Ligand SMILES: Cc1cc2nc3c(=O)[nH]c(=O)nc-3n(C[C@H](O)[C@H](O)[C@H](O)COP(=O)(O)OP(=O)(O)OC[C@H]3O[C@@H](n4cnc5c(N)ncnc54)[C@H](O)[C@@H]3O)c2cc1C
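So this first bit is one chain, no partners, the form predicted on its own, shown in structure tokens.
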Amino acid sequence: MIGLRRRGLLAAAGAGALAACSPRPPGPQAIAGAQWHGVSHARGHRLREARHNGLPPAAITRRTDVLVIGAGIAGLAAARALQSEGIADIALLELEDTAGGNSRGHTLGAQRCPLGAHYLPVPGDAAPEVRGWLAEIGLMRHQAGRWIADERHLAHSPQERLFIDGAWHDGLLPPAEPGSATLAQYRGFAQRVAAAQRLGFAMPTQRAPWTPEHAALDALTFDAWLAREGLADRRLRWYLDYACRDDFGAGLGEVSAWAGLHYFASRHGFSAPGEGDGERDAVFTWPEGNAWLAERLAAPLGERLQPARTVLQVSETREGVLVRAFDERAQRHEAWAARAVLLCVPLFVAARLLDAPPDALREVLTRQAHAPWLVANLQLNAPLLDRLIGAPPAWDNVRYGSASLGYVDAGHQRLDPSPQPTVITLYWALPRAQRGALLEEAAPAWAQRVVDELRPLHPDLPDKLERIVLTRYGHAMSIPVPGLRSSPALAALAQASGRVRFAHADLSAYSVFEEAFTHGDGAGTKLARWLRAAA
């Protein structure tokens, strides 16, 4: 959910002019013209080259009080916290041309669309930092003793639908006939989620207790736990596998039982069809997804945000911290001298940047795995025909049994409900074995797979394709594999002190907005107070 994770083309005006003076490309031409966008793997691989070949002298040296490395949600939240604590002399270095990490957006055919994460559940009491910031920007307010979300920014109805048994059904849980074995299994899983909630689960996870019962759940896969509990129904398992792929980038056989239960127990729980209160989690969303949030986090930073900087080395010195980076726009090496550094990057990247990684970081990397993701934005020149019976078009549309996670409609949040040309965004959490193919194969090959994935639902889609833009993440999010959340080394990194500290969703063993923001906010606040005390 990330935890996408989930990060050029012509500007919107130029694209519109081009479309007006040239014939609309049919599907095959749109597939052939598909392009990669949003993630520069060549920049990321510059670090590998620097470690092999060494670094030349820096052309310029800059100085700042605190340097934040990585402008994803954790880095942006850390910079905000530092400023709130009175640390004004900061700089934030970001690899890509825009901030946001897995929460960036794009404009395609004058329609905003996401390049990664596309929604944020309305935060509860366990996430006061996130909720407080949402109140600052007008998304939430505290009234008569309760928190209220601005409904204008919540996902419009219908929110979700599932294609199964030849028809669309409301919601994503496969239907179950009264008295069926499937319904009995749904009820059994609901009982177990309710029991898990009594143990204590929260989002962010650092706000929940950690007991021997949690550790036992974290020690085995979700698949093994379901088998032990006698939960073998095919439809239930498909749904749970989908939920895990959606939030964690991997299925039942890879994520821990703690993670699988956390998905439900930290939110609204789980109810069998027709039982419980029937309420769904309210979610904030926008055409550009969580880029809407990232852009508002980044805006106050102004020139303190330094994009297109590939950080190559972080070295702690007697006086502070020295950082070497490459300015991708000026094409020159530079040095940054700071009193302290916050590493707001994935932990495996942090290990490569540090000239002396701590033992805890090395230990975590022996356990950690990352999920590759593909995000495909398809610009359509006309609304899709919904020839299939059942629930009407929704914001989130999923096909039962599909390898992908389905698609969202970037135009669904429009106030005008009439059918219009739009952009649909398909999400695909890929097996780790396909990471190489994702990085090596050409964009048209992946575009063809995307179209083939959608064609059973919308046979008219190829004829309405204008353009396809693909975004690939080789290491989109940390997979909460068994033993990772329990790792003392992971906890040690989250509590690290000194001049070099860590702040990233990886510290929670999985990647969502709430985890990243809370780690960044906490690390920025603690570092600012440490610096003041040391002054």
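All residue numbers are counted from 1 along the displayed sequence. Note that the structure is predicted; figures quoted are calculated from it, not measured.
Below, we refer to the form predicted together with the ligand, which is not included among the displayed structures.
S.K.: So the ligand isn't shown here. In the predicted bound form, which residue out of 310, 185, 379, 205 has a non-hydrogen atom within 4.5 Å of it?
M.R.: Answer to the contact question: 310.
S.K.: Consider the chain as shown here, without its partner, and state which of 220, 443, 349, 361 has a heavy atom within 4.5 Å of the ligand in the predicted bound form.
M.R.: Selected option: 349.
S.K.: Classify residue 292 as contacting or not contacting the ligand in the predicted bound form by the rule of any non-hydrogen atom within 4.5 angstroms, answering yes or no.
M.R.: Judged by the heavy-atom cut-off of 4.5 Å, residue 292 is well away from the ligand in the predicted bound form.
S.K.: Give a yes or no for residue 373: in the predicted bound form, does one of its heavy atoms lie within 4.5 Å of a heavy atom belonging to the ligand?
M.R.: Within the cut-off, so yes.
S.K.: Would residue 130 sit within 4.5 Å of the ligand in the predicted bound form, counting heavy atoms only?
M.R.: So residue 130 does not count as contacting the ligand.
S.K.: Indicate whether residue 78 is a 4.5 Å heavy atom neighbour of the ligand in the predicted bound form.
M.R.: Close contact is absent here: in the predicted bound form, residue 78 is far from the ligand, nothing within 4.5 Å, heavy atoms only.
S.K.: Hey, of 493-501, 28-36, 55-63, 476-484, which bit sits against the ligand in the predicted bound form at 4.5 Å between non-hydrogen atoms?
M.R.: Looking at the partner contacts, the answer comes out as 476-484.
S.K.: Listed by sequence position, which residues of 112-126 have a non-hydrogen atom within 4.5 angstroms of the ligand in the predicted bound form?
M.R.: 116, 117, 118, 119 sit within 4.5 Å of the partner.
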